[in-house]
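Just one chain is shown here, as structure tokens, and it is the form predicted on its own.
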């Protein structure tokens, strides 16, 4: 199977919402909710994608002719590329009933481990989703990151017990999920957390903690104050708040503010290895790619994940070589044309 064949397979296996487009740019989905679209007028997902494409990179080939090193370490865990598969939930509703969340995470976690990267797994109202995700991570020797929704205290305690049993090297909370409808009006309450509440959650988790959903410098400082080890610059793919700025637009200021103190990941519209390069140049340590990995799993299961990962990694490697960069640590804003 090649990459285009994987896409063709996905188009026959996905449900009525996702079209498995050649380039997942948000335009075919628009404001289609539920589904892979964005909230309101649907422009945030499109803006995420287009913001990366507006950046240009500087070519410099007067350098040593050697293969660039794309390796990345995350809490002592060696990765082939600075790329993670993102957490996705309710795949049967949004992407097609060929898979449910349990089977999706099972395929994704194992395939990402085999491809030399790691997957964030999703969460949901069905307790079996987190149980199955943690089992999949444990099966891969802890190579994965469970992502927990901002539930109430007792539910979080139950989820963290599963996370600890998974032996995962970190745990995440997508705090931006506070805007998802299924968290609203829950009893006991779920959703947004204060800095104090988040600090207690991080202590309860007992693992390196990642807060996903940071879009301002102030939010980054609050995450640091709460004790997060990593933040993810993310607007939840545009699914929780209409007319947000793109993640690429806010990343530089956030990186300047806290990049020396904590690790920064970014997601939102990253669709190729050139985008990965640009994200690293803006100050991210690594990226998260979500929707394209759904297409990869639907279109080719583990083989699809391998194809997408190598496509992204190969494009990153080619970009580094053409920009005169030998290691990802050397990527900086000097390689971005518009920011010079």
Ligand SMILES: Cc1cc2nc3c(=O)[nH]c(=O)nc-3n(C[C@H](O)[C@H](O)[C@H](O)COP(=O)(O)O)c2cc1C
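Residue numbers count along the first chain shown, from 1. Just so it is clear, the model here is predicted, and its values are computed rather than measured.
FYI, the form predicted in complex with the named molecule isn't displayed, but the following is about it.
When the named molecule is placed as it is in the predicted bound form, which of 91 to 99, 214 to 222, 108 to 116, 152 to 160 ends up with heavy atoms within 4.5 Å of it? Among the listed stretches, the partner-contacting one is 91 to 99.
Original post:
Judged by heavy atoms and a 4.5 Å cut-off, are 68, 275 and 315 together in contact with the named molecule in the predicted bound form?
Top reply: The answer is no; none of 68, 275 and 315 reaches the named molecule.
Contact residue in the predicted bound form, chosen from 57, 301, 290, 51 - any heavy atom within 4.5 Å of the named molecule | Contact check passes for 290.
Residue contact check: residue 147 to the named molecule in the predicted bound form, 4.5 Å heavy atom
The answer is yes: residue 147 has a heavy atom within 4.5 Å of the named molecule.
Can you work out whether residue 143 and the named molecule are in contact in the predicted bound form, taking contact to mean some heavy atom pair no more than 4.5 Å apart? Answer no; every heavy atom of residue 143 is more than 4.5 Å from the named molecule in the predicted bound form.
query: Given that the partner is absent here, does residue 234 sit within 4.5 Å of the named molecule in the predicted bound form, heavy atoms only?
result: Looking in the predicted bound form, residue contacts with the named molecule include residue 234, since a heavy atom lies within 4.5 Å.
Q.
With the partner left out here, check for me: in the predicted bound form, does some heavy atom of residue 311 sit within 4.5 Å of the named molecule?
A. No, no contact at 4.5 Å.
Note to self: Only counting heavy atoms and a 4.5 Å limit, does any residue of 268 to 287 reach the named molecule in the predicted bound form, and if so which ones?
What the structure shows: Heavy-atom contacts within 4.5 Å come from 268, 269, 271.
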